[in-house]
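Next up: a single chain in structure tokens, the form predicted on its own.
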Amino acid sequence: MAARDKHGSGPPHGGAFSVIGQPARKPDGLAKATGEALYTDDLALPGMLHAKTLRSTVPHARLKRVDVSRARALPGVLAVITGADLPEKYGVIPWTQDETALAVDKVRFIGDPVAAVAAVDEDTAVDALELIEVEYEPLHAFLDPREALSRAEPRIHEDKKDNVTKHVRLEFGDVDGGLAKADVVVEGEYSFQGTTHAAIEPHCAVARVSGDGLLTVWSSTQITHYLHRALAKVLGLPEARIRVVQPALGGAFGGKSDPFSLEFCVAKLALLTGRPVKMLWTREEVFYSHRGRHPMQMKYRTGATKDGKLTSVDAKILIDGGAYTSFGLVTTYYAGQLLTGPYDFPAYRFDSTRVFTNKPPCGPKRGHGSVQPRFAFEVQLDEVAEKLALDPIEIRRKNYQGAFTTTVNGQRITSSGFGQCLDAVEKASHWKARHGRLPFGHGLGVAGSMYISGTNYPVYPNELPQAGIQLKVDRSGLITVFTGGNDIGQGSNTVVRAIVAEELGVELDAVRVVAADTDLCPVDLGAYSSRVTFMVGNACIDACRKMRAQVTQALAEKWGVEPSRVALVKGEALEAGGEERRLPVREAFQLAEARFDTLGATGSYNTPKLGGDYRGGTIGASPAYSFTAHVAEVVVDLETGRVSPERIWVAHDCGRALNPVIVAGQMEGSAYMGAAEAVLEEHQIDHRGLVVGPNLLDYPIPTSLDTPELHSLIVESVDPEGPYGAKEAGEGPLHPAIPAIANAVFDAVGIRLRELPLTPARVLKALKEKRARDDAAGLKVAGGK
């Protein structure tokens, strides 16, 4: 049932909110700041062994022989496993399970796991890896996605007919007719080279088997429930004999939303040895395991009338997926399906193909699937505006599709504050006075976007709730909330805490959150697709209102009034609009327990049926969409070619801001990551299949000195589906940063950069080509644009 049918968007007691909408600190903030918080690598269990992985040194080969006898004989080694010990395939999406924990029969990229060792310490485990003998039969390695598309043999996965993961071609409306009647058509090719997550905490997992046979796995995962399912499948154990716990997590951004080799390996090694086993990946291993943003090569054609109205958009996209599918089926759809807002597309076609290559597998990264196409389209939209001599903000405003409508590909739009977002960044940046008028080398650029607030389609098909909550009320007034939601730093536990405090009238300190433990918490599908605040929030309201009904009924009976006259606010239960009777809320809880038995409640959320009536129409469909607009200000150094984002104004429609401090933090974090991907980051693979610079010295991410000045402008549209009207704020605000910076470079120096990142070499090359064109045309530019 949709949230609007159950809860509405206002406070439970009428009047104003007392907790929601107020800034509040994260409950785990102090523990993280002081070092008290326990991350997976902080766990040290009695008798614990340490595990290490042997990885492939070639990008594509058959495994002729893997001899582990010498490693097994090394003193201090307790177990060695290979692909033969874990042959069951797994993967997040049921139809594309093509990975094994350790290579079986062949390896598909440099770094592919081949064997794992458990020993008394890490040094012994590393020494044991040196003793494992592997004989490879090399195969041709595909390192260029165009070659992988054009050549079927050798197949990277033998059960496929070629090296294509997924091909999607969808057309809505008369695309060719729209282009034909357009007054202007702009064509262009754009490329995104791929980036990785660079979370500060590397992947880590610990496994232990108790005396009664319960396997517990602690992991730095953001998908506790999916990992639980995958472990049961691969290990051949009943799900009830496995427990998965997510400790404190030091960043993920999508990079921990797959099951990974190390989680299966520590579990198997713990089962074999009877002792706890830990595996911590090095930073280099994290780079090779990757799952970062896909490289994409994109061709776009956009038609518009002379007054700037879009007539047609045509896209052709080639996606480099790396060695395994991961979320790739979804990526292939998202690359096209999520572009159709916030602008009105009368006609739209996208042809999207993901191919396997012999590189580290790609996966979901913050803003999964649509960051790359958004870069291409928003730059092309600026090119259309340039040809028509229109202001870039005005062309976006002119094509804004509005609220409570349906996109050309059948996505239902509820609330939309995109118009207000444009207004906000235009005003804050002094756009009208400054765009096109700054000194040469300085420029402003704008871009917009839309993103999902959770997906309506669960990754594995079922009719069960996508989120669940359990509440327990203690006689002291303490409320414990059990949620399967994964807090990966985005603050979802803080949101749950605030909702309980609002609904049940207690102080924030009277709410404790237990999360992401499959033994203790109801099922939740994980932290991906910006779903947690929206779905877990709705489930939490559902549980709280069931609990609140019991408490208000018990008190109403005692006072002889209607339950609607009882309010629970700020630690008190009181009679609203009557004799102003009141008592501490914990006493109201005790009355309810005496009346109804031990106090507890459950709540859940599932999305309404959504999406277009065609194959793939549900992929990209969401119960609500967020909207964002950015204006970026850059400085281009004409000597070095360096692009420096100086300021970014971020206006984001998050529905209702449940906690403005956290919303602003997510907006700023998103813009920071977008700026990094625009000018610095590139996950490079060389001609041998090796990752270039797999460390945080050679892979540049911005320090505080490199980070632009960020201005968060919260726009509240109050969505009818979200918890109190809230929508997502964790991924949508990333999308416009990259094209806004690219468009600002054009405003600064008059060059269109269509390949990311915007490196000094690319800038200098484009400036040189521009000077040559200007000279040939007899143009002179001196101190202006």
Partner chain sequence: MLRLPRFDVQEPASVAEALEALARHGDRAKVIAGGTDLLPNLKHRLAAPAVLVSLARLDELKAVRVEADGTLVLGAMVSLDAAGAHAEVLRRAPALALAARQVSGPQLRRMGTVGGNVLLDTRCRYINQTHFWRKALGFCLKKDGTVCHVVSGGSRCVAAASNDTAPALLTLGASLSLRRADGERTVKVEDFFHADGTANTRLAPGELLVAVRVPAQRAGHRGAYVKLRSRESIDFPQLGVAARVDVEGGAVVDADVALVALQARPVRLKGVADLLRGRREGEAALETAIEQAGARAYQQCHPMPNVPGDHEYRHEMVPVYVRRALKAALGSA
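Residue numbers count along the first chain shown, from 1. Keep in mind the model is a prediction, meaning the values are calculated, not measured.
Omitted from view is the form predicted in complex with its partner chain, to which the following refers.
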Interface membership of residue 237, its partner chain in the model of the complex, 4.5 Å heavy atom rule: no
Contact test in the model of the complex: residue 750 vs its partner chain, heavy atoms, 4.5 Å: no
Going by a heavy atom distance of 4.5 Å, is residue 281 a contact of its partner chain in the model of the complex? yes
Verify the contact flag for residue 161: yes if a non-hydrogen atom of it lies within 4.5 Å of a non-hydrogen atom of its partner chain in the model of the complex, no if not. no
Answer among 124-132, 459-467, 477-485, 507-515 for heavy atoms within 4.5 Å of its partner chain in the model of the complex: the stretch 124-132
Considering its partner chain in the model of the complex, which of 572, 171, 646, 698 comes within 4.5 Å of it through any heavy atom? 698
Among 685, 335, 110, 217, just one has a heavy atom within 4.5 Å of its partner chain in the model of the complex, namely 110
In the model of the complex, residues of 56-75 near its partner chain [heavy atom within 4.5 Å]: 56, 57
